[in-house]
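Single chain ahead, by itself, as structure tokens, in the form predicted alone.
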Amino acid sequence: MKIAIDGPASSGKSSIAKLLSKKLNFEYIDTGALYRAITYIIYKKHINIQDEKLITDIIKSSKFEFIDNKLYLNNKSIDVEIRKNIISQRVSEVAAQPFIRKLLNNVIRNISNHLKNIIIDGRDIGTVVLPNADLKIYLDASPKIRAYRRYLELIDKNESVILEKLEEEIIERDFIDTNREVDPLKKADDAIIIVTDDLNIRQVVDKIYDLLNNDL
């Protein structure tokens, strides 16, 4: 079984997908982590985002693995580095590059093709990456709620952030994600919408779990 979970920034996709994968004993692929990894490389090495050849060579020569729900790049865990707000601020611009999306979608499909039961979350999983997924979920929440959740997450990591600034950044990311020319963020026609403003992570996980049980 293949489950696709889509939604805007900080809607809880990764946290929910991780918990659900453990509950179902499914493999989990965090596509956002892959885009963050490329953003991290570009930022760290000061690469011009328009340098298609160099970025293509890096992606094709890199080894991406998910082990215990953490991303490893060339056998090194970079899960902490890619979650920093400096990467969050830049990832939408990187993800909007058509050639990067095409390359990473191929990486994601190659991983998923070798797995029987899988949960994948992102922006275009149900519409582009896994259009034939058995279950498609679209998570949503207001920018204010998403910003507050992100604020708590970053404060817990001892990052210095301003709540109002985070809300502005999330609104900007929403605009970029929904208006990019290639594979924009949108709900698949057959996706089930779950609005998470008044739900905690475990409540959302239970909702999706109940949906699966009703379908089985």
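Throughout, we count residues from 1 along the sequence that is shown. Keep in mind the model is a prediction, meaning the values are calculated, not measured.
What comes next is about the form predicted together with ligand CDP, which is not displayed.
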item	value
4.5 Å heavy atom contact, residue 103 to ligand CDP in the predicted bound form	no
Non-hydrogen atom contact residue 177 with ligand CDP in the predicted bound form at 4.5 angstroms	yes
Residue contact check: residue 40 to ligand CDP in the predicted bound form, 4.5 Å heavy atom	no
Partner contact for residue 91 in the predicted bound form: ligand CDP, 4.5 angstroms, heavy atom	yes
18, 112 and 137 all contacting ligand CDP in the predicted bound form, non-hydrogen atom within 4.5 Å	no
In the predicted bound form, segment of 66-74, 53-61, 159-167, 177-185 with a heavy atom within 4.5 Å of ligand CDP	177-185
Heavy atom within 4.5 Å of ligand CDP in the predicted bound form - qualifying residues of 107-128	122, 123, 124, 125
